[in-house]
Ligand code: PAF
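Read the single chain below, which is given as structure tokens and is the form predicted on its own.
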């Protein structure tokens, strides 16, 4: 595995044909969810991964400063999982104001997560856009746990760079808790309590199957979440994917159309903020 830090060096490496080049962007602190992304990436010819804790997507300095960092372990995981080139730019290099273009997420970036994290998706899109410019991949792989993020990347960047966005299903621990870098900041008891999120999502999906009642789905999810007093709810959203997706959405999710609904939950356990979601019209996701 080649490790690259300099902008000019990554440009030189990526001058060759982009066919078969896939990118897996990460902020490090790798877990089983990232490993699943790398598993998918091995279906293609040349794997590029990035490791960059993006300050532009944090609207809370404490959250940025507390983000877990496990550099040596991350490099080992990338290497063992077939990454050909690991790009680890400096903050100064990647955020050069003369070279970086700010990407506006638009109205779809101001709802759901964006309502609670102003500017978050602008920051995500701005950095992913920069990686696409430099690495010139033909494909990019993202997890579905951040469903609004993957939809916005598809909306705003896929056609602009002619990059196919490939989704990978959310990976979960045996209790159903979605893997997240922030999970490492919780105790084992905290992780157990946080698993209430997936229990609530599954209950909401089952309720939808028998009722097709969106208000009832939200009430069912809230009822299950309230059974865990140490889970601090921030929001529940039960909305059509068309709120955040555009007409080419079928290219992103096979067997899912814009009328499909998604349940999204955000909340915290032990002061650690977590998100999760489930598409309720589909058996696949």
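Numbering follows the first chain given and starts at 1. None of the values given here were measured: they were computed from a predicted structure.
The next section is about a form of this same protein that is not shown, the form predicted together with the named molecule.
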query	finding
Partner-proximal stretch of 76-84, 183-191, 166-174, 145-153 relative to the named molecule in the predicted bound form, 4.5 angstroms, heavy atom	145-153
Interface membership of residue 46, the named molecule in the predicted bound form, 4.5 Å heavy atom rule	no
4.5 angstroms heavy atom contact with the named molecule in the predicted bound form for residue 38	no
Proximity of residue 238 to the named molecule in the predicted bound form, heavy atoms at 4.5 Å	no
Contact of residue 217 with the named molecule in the predicted bound form (heavy atom, 4.5 Å)	no
Contact residue in the predicted bound form, chosen from 127, 200, 178, 135 - any heavy atom within 4.5 Å of the named molecule	127
Stretch 10-40: residues contacting the named molecule in the predicted bound form, 4.5 Å heavy atom cut-off	25, 26, 27
